[in-house]
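Heads up, the chain below is alone and in the form predicted alone; it's given as structure tokens.
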């Protein structure tokens, strides 16, 4: 059925249309009453003038409460002073449901109050803006890879073994087959896809059971993970920066009104153009020491360390060749210096930290076997993964980008909890 939405109003000026939605706000001014409707695509103000409409229609204004659902019909005209830039002279108004007293009001509410009512908080203009940016980020990711001939690979959510360490797994009983785990990453399956199709990407939910309460962590989040056969570390970094530029510029092009709603200063985002600066882990350590941070070579970069490093740049910075001891078993070591892995993290500016992590993968069977043993992982669970090195092994590389961290950075948010419709954290499982 054809239906007119508020976002369609620019093409309906001077026409009579019918809209369906919910009451966002209302007010009276003498003999004129204003109702502001939201329908999920925008806001529009309806005008009821006493004497110009039937008395019963004029009085329906009093019945409407915040978030009541209704439809209204009228002629559309431009009005820059009105919410959304359009007004409708209402000739008909039908109440569908009168809402109970709405718990979220214009007054200041605590974050726990709002998170407990997340199912209603999603209706606010701020949450609309954030989730529309999220939508654009996801859309641009798919555009990027689909437009470059990548195949989407759907990896399983139930997996038989850990990808990046057993301490952060959600475990569940899987019928008579023992334990299964919610996936930490689709990467291992993406590698199988790359050996079959050349270049693929995995895009789906991932789960981490680490007991972290920081603003950068969720227990359930979405990640896109490309994997490309015959790519090395430099190819991997080229792909990552090209993708990141595409995402940010797409949001700036299509979601500027939402960024303005959020009060986002976009100057740093406008700088996201290739080439991005690239520094080695050794250079990052030198930056930390120069800036008075007590840091020992061999440690992984913590959140504060990432902030100090990224503050030296006006755009995301790529840090490569981390100590192999702090990286996952599947990351290839640098042949010129086995103490470091051919790994890269992309750190967002303004204190948002790592948004991309990736590496060239270990393609040598014997070396991969030794790493599995070093990490005390069950070899039998990885036999299928080892087969990728037995039958036509090639150099290959990939990375993962966390959608929520990326959205948090682009929107300039303080916490990841607003970047996903229903966040899951160690202290929150509802609604």
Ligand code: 4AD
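Positions refer to the first chain, counted from 1. Only a predicted model underlies this, so the values are computations on that prediction, with no experimental measurement involved.
One more form of this protein should be noted, the form predicted in complex with the named molecule, which is absent from this view; the next part is about it.
In the model of the complex, segment of 87-95, 209-217, 138-146, 120-128 with a heavy atom within 4.5 Å of the named molecule: Within 4.5 Å of the partner lies stretch 209-217.
Listed residue (9, 416, 19, 23) with a non-hydrogen atom within 4.5 angstroms of the named molecule in the model of the complex: So the residue touching the named molecule in the model of the complex, by this definition, is 416.
Candidate from 150, 203, 221, 181 lying within 4.5 Å of the named molecule in the model of the complex - any heavy atom: Partner contact (heavy atom, 4.5 Å) among the options: 221.
Residue 354, heavy atom within 4.5 angstroms of the named molecule in the model of the complex: Yes, residue 354 lies within 4.5 Å of the named molecule in the model of the complex.
In the model of the complex, residue 310 touching the named molecule (heavy atom, 4.5 Å): Flag for residue 310 set to no.
Interface membership of residue 382, the named molecule in the model of the complex, 4.5 Å heavy atom rule: Because no heavy atom of residue 382 falls inside 4.5 Å of the named molecule in the model of the complex, the answer is no.
Residue contact check: residue 402 to the named molecule in the model of the complex, 4.5 Å heavy atom: Yes, contact at 4.5 Å.
Those residues of 357-385 which, in the model of the complex, come within 4.5 Å of the named molecule by heavy atom: Read in sequence order, the residues that approach the named molecule (within 4.5 Å, in the model of the complex) are 357, 358, 361.
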